[in-house]
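A lone chain, given as structure tokens: the form predicted alone.
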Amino acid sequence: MCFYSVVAAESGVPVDDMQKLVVIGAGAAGSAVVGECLRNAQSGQLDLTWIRGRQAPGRGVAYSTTAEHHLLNVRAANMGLFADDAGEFIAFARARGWPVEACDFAPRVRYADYLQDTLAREIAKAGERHVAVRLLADEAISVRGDDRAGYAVVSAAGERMVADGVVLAIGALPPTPLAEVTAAARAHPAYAADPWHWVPPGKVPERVVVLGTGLSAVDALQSAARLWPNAQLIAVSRHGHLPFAHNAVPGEPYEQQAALIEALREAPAVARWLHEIRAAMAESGVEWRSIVDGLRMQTPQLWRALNDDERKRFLRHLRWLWEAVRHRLPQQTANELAHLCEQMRLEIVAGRIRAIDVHANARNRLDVRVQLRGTSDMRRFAADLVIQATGFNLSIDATDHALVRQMVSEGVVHADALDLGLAADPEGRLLSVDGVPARGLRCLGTLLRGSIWECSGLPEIRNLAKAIARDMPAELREVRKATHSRMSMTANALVAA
């Protein structure tokens, strides 16, 4: 079946000459690719539909918070949306009189304002250049087709769109409750599976348990500490480590970084890598953060050098440590958590969740059972609120996300071999079930973790968004050419009949 058809464009330019692109997702990834595509489009050559859900442009999960204490974990100087203007956010902030310096970690709500303003300006300029763009406040529930017949996208409201190409920028999948949580606990108002959208209990809680100690858990802890100054806070994770903190100012680059990277490339094995990195960190006067930061742009290439067994070894033994040293906290956030620990308001527990159920003696509370790390000892906590903040959900196999389930079940895309998002090539081209990259079907953001590992930070997102905007026109031409060829063949067959 051919999904290509002609639709009207608001720009007035003949739509037959326009490449049709649908971008799905309103967060930073969607904003970056939409912005880059609009900036690079030739006059009259692009018809772009941005399916953004109910969120304002730029205000995805990470930037939908309204809390001033939720900070970026990248310095403001490197948070420009576009790869060729990394300092644009600083200029935006200063123009508005915000007290944001280059080395600061700005409130995420301010950054969301920047994203929304930037996209509004790019959309306005696109209209002046006869580039058609439409924002759809709905959810996409299906994407069908291929790079031979074109793509059809259907929204939850039933609107059907045809496209030469589609970009998935949907972020992480919706959280799913841990297997150790009973059905009764999942249905209980004291259990929150989503760390970014939870409802405070009816009464002031005495104890709040947060599952996880990563960045999303830190958000939850900060908010709970402010809401309930007298509540006891407990954070539980397998290793019991909060993220490390950034230095006040960036350190000097590691002088032997290039040699270190070459050594890692020559021996793609996790144990060898750990040895090489530890040896570099042991050198006199070397700041370990500089070494880790120097690996950032090379991480996708290094990840691809590992075979599946080595990747599994990394996930089993070193993932937690990499997350703690790579995705660090602003110093003021680290200080706040340390102060909570000193006041004995916050306890960090290393252990495994063994069960969460409704409390037998207090039905308005949950019973949390934890096996302490390295022992058979158990601890139990009666919690007035349990917030699951165990990080991004990437499991395609377990998700109930309507669009992803449809695309996987119909063979349009498939899961990464380690169930770390969707299978894709290094440039984000999604792979068909037979492993072939699809022209005109791209992904960027968190669901590329299995393919390139580092994919959720803005520097990585904007670089890939630039590459997509650069390469997509040629891919869309190929899709359109194949589509027209099939239409001609069908028409000729009908005439011959």
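Every value quoted in this text rests on a predicted model; they were computed, and no experiment measured them. We number the residues from 1 along the sequence you see.
The same protein also has a form predicted together with a small molecule, omitted here; what follows describes it.
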- Heavy atom to heavy atom, is E427 within 4.5 Å of the small molecule in the predicted bound form? no
- Could you tell me if F314 has a non-hydrogen atom within 4.5 Å of the small molecule in the predicted bound form? no
- Mark A169 yes when one of its heavy atoms lies within 4.5 Å of a heavy atom of the small molecule in the predicted bound form, and no otherwise. yes
- Query: Even though the small molecule is not shown here, does H359 get within 4.5 Å of it in the predicted bound form, heavy atoms only?
  - Reply: no
- Residue among L340, L72, A152, I348 with a heavy atom within 4.5 Å of the small molecule in the predicted bound form: L72
- Query: So which of A438, I51, A41, I468 gets a non-hydrogen atom within 4.5 Å of the small molecule in the predicted bound form?
  - Reply: I51
- Hey, of 428 to 436, 41 to 49, 468 to 476, 59 to 67, which bit sits against the small molecule in the predicted bound form at 4.5 Å between non-hydrogen atoms? 59 to 67
